[in-house]
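Take a look at this single chain, the form predicted on its own, given in structure tokens.
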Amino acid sequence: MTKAQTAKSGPASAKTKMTDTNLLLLITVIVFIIMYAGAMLFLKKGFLKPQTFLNILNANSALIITSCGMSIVMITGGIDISVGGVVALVSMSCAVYLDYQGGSVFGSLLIALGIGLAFGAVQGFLVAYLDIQPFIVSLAGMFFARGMTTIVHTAPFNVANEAFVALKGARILIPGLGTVTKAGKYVDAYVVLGVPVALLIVVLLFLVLRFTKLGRSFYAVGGNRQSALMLGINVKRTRFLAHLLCGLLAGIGGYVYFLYVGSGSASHAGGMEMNAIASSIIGGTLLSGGVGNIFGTFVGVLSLNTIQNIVSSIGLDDAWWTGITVAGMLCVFLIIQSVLLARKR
């Protein structure tokens, strides 16, 4: 092959080569399709109803939002295990504000955003500018958030604020996807208000990571900080913004969670941070940083909850079976990631 032929074939081969991010996303999507199609084919038990899929979105819209924030931090090579505590603190603070302080729905939303931004800013500063390990910082944040939740109010209670109850009960009907009951009554399919919020955040973050300078900086910092510095990227500011964004999304996710459960409790969102990490890994985000896709994280949340529904549908209702199955999924995806890392080396 001549030099001219090599020059012509080089760019073409580079364009057709699949990146690690796209490969992991493709694997995640294929696994989810196989799982859900298999459940529809062999289990049926409601999986054929569109509302079953919509219920996964309804119940996990808050997890989708917090998982997106977790993925941003993981792409930069960090981690944030305080998101579950932040969600619980937001729920309790908003509940107390609405019921005991006579507050408004808009005011409670500002409280949620303020709590999320405060945690993101403090933890981002400690991680980015004082160079403290993200795990240690977010571990302290998790304990602080859980402790503050109990200080705000100890006993769990349901919110009785009329405006909030009306907002919580709002439903967005999906025409054409309803089902007919045994009594012959047509029931519309629906999603709760948190679902469009979660989907909008997924789309916005996907665009930010794909088409903006900040998104490319996240990947560059996670891939190699020294190389990012040589490229003129402000590594400290980028890491700070990643944690700030994660905190903001935890605040939004906390309010969406609060809107779904309609109550305040110190036990809310228990283990959500682990589910967010698991969803990000299943969605193709590398723990070492530099590789990840927000759409993959979204599919990761769907996969995580689909496998839980499948385990429950086949009669294994004990909690440990769900844990064992999720652990198996994580092992499979971690092995795939290890193979990709070995190939890169």
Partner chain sequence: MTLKKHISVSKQIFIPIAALVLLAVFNLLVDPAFFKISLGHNSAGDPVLTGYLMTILDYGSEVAILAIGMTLVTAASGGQDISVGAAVAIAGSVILRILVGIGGDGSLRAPIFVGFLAACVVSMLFGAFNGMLVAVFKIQPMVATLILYTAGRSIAAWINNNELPIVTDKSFTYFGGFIPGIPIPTPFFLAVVCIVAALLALKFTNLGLYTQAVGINASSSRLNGINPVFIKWLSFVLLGLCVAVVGLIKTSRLSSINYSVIAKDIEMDAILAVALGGNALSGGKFNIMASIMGAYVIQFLTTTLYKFNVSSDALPAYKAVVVILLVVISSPTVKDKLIGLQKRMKQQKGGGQS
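Numbering follows the first chain given and starts at 1. This structure is a prediction, so every number in the text was calculated from the model and none was measured.
In what follows, reference is made to the form predicted in complex with its partner chain, a form of this protein that is not presented.
*Asks:* With heavy atoms only and a cut-off of 4.5 Å, decide whether S312 touches its partner chain in the predicted bound form.
*Replies:* Contact with its partner chain, no.
*Asks:* Using 4.5 Å between non-hydrogen atoms, is M35 touching its partner chain in the predicted bound form?
*Replies:* No, M35 sits far enough from its partner chain in the predicted bound form that none of its heavy atoms falls within 4.5 Å.
*Asks:* I'd like to check something about V137: if you look in the predicted bound form, is any of its heavy atoms closer than or equal to 4.5 Å to a heavy atom of its partner chain?
*Replies:* Judged by the heavy-atom cut-off of 4.5 Å, V137 is in contact with its partner chain in the predicted bound form.
*Asks:* Wondering, does L287 line up within 4.5 Å of its partner chain in the predicted bound form on heavy atoms?
*Replies:* Taking the distances in the predicted bound form, the answer for L287 is yes, it comes within 4.5 Å of its partner chain.
*Asks:* Within 4.5 Å of its partner chain in the predicted bound form - does that hold for a heavy atom of every one of Q101, L117 and L193?
*Replies:* Not a single residue of the candidate spot has a heavy atom within 4.5 Å of its partner chain in the predicted bound form.
*Asks:* So its partner chain isn't shown here. In the predicted bound form, which residue out of L109, I201, L245, M142 has a non-hydrogen atom within 4.5 Å of it?
*Replies:* Filtering the options by heavy-atom distance leaves M142.
*Asks:* Could you tell me which one of I277, L54, A39, I27 places a heavy atom within 4.5 Å of its partner chain in the predicted bound form?
*Replies:* Of the candidates I277, L54, A39, I27, I277 is the one lying within 4.5 Å of its partner chain in the predicted bound form.
*Asks:* Just one of 170-178, 245-253, 92-100, 121-129 has heavy atoms within 4.5 Å of its partner chain in the predicted bound form; which?
*Replies:* Going through the listed ranges, the match is 121-129.
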